[in-house]
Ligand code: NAD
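Just one chain is shown here, as structure tokens, and it is the form predicted on its own.
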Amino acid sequence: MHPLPIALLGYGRMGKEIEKTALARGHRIVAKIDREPDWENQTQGLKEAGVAIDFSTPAAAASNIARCFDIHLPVVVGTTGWLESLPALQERCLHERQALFHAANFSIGVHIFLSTARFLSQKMNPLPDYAARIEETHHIHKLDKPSGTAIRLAETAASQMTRYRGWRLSENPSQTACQEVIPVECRRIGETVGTHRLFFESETDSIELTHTAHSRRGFAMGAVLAAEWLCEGRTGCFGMEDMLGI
């Protein structure tokens, strides 16, 4: 892989972790966009960039993607909480032959976890005595509830089970555990990197599937690998399943 000139959109915890990972893999950081004036102050760096990696904020992500499209800059997006804008951006991406890689979570382990959750949900479908629920825990700085990964987990489970028609954010999961939606409980505790749990519970026993992230390095590596993969001449809309082949 040739060294990539990378623009970072968002320079918080994840932006800094991605910078470390990218530099360790021989890439260059040519722009760091963290505030609105940076789009004008760093125009030269943006012209040099071969790909952008966005870990900004839910309020900024859609605009950042559109600006990347304006200059035909491939973009990898790990920001969550902006999915209402995704269909229009995907349509523009395909129409203009742009390149967009979006994932709620860039951890390779998370995607193995989601694949396992899909299989488990299929097996639980004919067993109505088991009620599904989801818990997710993140650090107190995370802005969106539920997390993008929790939404993906809930949608994955519900899609495999005929008794569920979707999911619902719940402060008290026990109130909705036996209804037609999967309750999702969100917790914000300290500096927790991220834990997701899928439960199937009956009166006789419980099954629990868990993924726990121990550091942000796994997310950063996944994002940089996605940037490398996207810059192999690809156009279109992609996710981790495309890159990992699962």
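Counting begins at 1, following the sequence as shown. Being a predicted model, the structure only gives us computed values, none of them experimental.
Another form exists, predicted in complex with the named molecule; not displayed. Remarks below refer to it.
- Not displayed here, the named molecule is approached by residue 106 to within 4.5 Å at the level of heavy atoms in the model of the complex.
- Within this chain, residue 74 is remote from the site of the named molecule in the model of the complex, having no heavy atom within 4.5 Å.
- When contacts are judged by a 4.5 Å heavy atom cut-off, residue 34 counts as touching the named molecule in the model of the complex.
- Taking the partner from elsewhere, residue 152 is found to have every heavy atom lying beyond 4.5 Å of the named molecule in the model of the complex.
- Here the chain stands by itself, but in the model of the complex one stretch of 79-87, 93-101, 158-166, 122-130, 79-87, has heavy atoms within 4.5 Å of the named molecule.
- Shown here without the named molecule, the chain has only 64 in 61-76 lying with a heavy atom within 4.5 Å of that partner in the model of the complex.
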